[in-house]
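The chain below stands alone and is given in structure tokens; this is the form predicted on its own.
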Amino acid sequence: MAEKKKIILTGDRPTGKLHIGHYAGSLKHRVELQNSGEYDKIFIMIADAQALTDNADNPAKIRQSIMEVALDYLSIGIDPSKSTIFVQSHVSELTELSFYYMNLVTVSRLQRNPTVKAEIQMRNFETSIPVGFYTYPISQAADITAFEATTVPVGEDQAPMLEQTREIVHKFNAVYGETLTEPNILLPDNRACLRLPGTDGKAKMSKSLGNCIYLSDTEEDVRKKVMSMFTDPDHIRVQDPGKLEGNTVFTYLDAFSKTEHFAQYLPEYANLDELKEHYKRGGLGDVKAKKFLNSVMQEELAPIRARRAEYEKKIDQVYEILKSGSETAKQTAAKTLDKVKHAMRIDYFHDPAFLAEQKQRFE
């Protein structure tokens, strides 16, 4: 028996430019996975159909963000020769799969999904929840299973969504026979990357809160945002002891700094632990820590910024990457849909046995 292929499915909602929270939490890891050579196929989805579930009255926002997200993907190092980038709405098979999977999930189970509950609360939907948004876990199951994904790299907050996908796979296979592939979750290695806070210290980066550092930000934009970051409000004088908990500067240093950065930008410290100890005992100012973080961030973002500038000159090429990727994704999903319909015995006009059965019934 042939060894099962290792396949990744991941993606983002196109509701604006991507920021370093996306980068630290998943994008950087995707590039590492892509270049590891461990995976047979990698599908990266621009989830525009899902984004419309809570932006139905603003389709222009989604339309404008498609190319922004594609540019962000290419600028961080996603390689279209190694990864298939596609647009969700152009793979209609995903919608049909969602429709069949809806029969395998109860309303009460959707209501218990912690991610759905948190998102509904965040958007103040209460009783006015769009059905499309409410059934997102089912749509996500369709996205994942359509490509027979074995691995789904996501943030910790998305774990309940993946668990629901696994439940749908189990239920389908129990009812209709072994057909769908059960996916596994892959979390970021760096705990600091699981949930990068906004520059203002708020728990989540949000375009509406204006607390994001975007991958496409200029060098000066990044510097200004880093220098205005939330730290320890009680650390008023340089000599005051400082707290690391809730201190955004040190959370970002946990996520992005490396030992070699100290030799280059802050040689009086051997590593981040030494810097933290000095800050905790007092005698280290916020400005010095922020300047160091700015150097670290600029080094990380400079090549991304440069690649984006090059791709912005070749929008025709980016368009073709998306179009070709969507065609490849559609072909792949169509094969899964055929298997699903065959397992459910609703492939009437592709199954010769159907006509033979009916003729026998009416003889």
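One rule holds for the numbers: they count along the sequence shown, beginning at 1. Because the structure is predicted, anything quoted here is derived from the model rather than measured.
The same protein also exists as the form predicted together with a small molecule; that form is not shown, yet it is the one meant from here on.
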### Query
At 4.5 angstroms, heavy atoms only, are Leu27, Val31 and Arg307 all close to the small molecule in the predicted complex?
no
### Heavy atom within 4.5 Å of the small molecule in the predicted complex - the one residue of Ala47, Leu322, Ile66, Val296 that qualifies
Ala47
### Summary
Answer key: of Ile144, Leu97, Leu196, Val249, within 4.5 Å of the small molecule in the predicted complex (heavy atoms) is Ile144
### Query
When the small molecule is placed as it is in the predicted complex, which of 228-236, 286-294, 171-179, 153-161 ends up with heavy atoms within 4.5 Å of it?
153-161
### Query
Counting only non-hydrogen atoms and a 4.5 angstroms cut-off, does Ser257 reach the small molecule in the predicted complex?
no
### Message
Given that the small molecule is not shown alongside this chain, does Leu9 nevertheless sit within 4.5 Å of it in the predicted complex, heavy atom to heavy atom?
### Response
yes
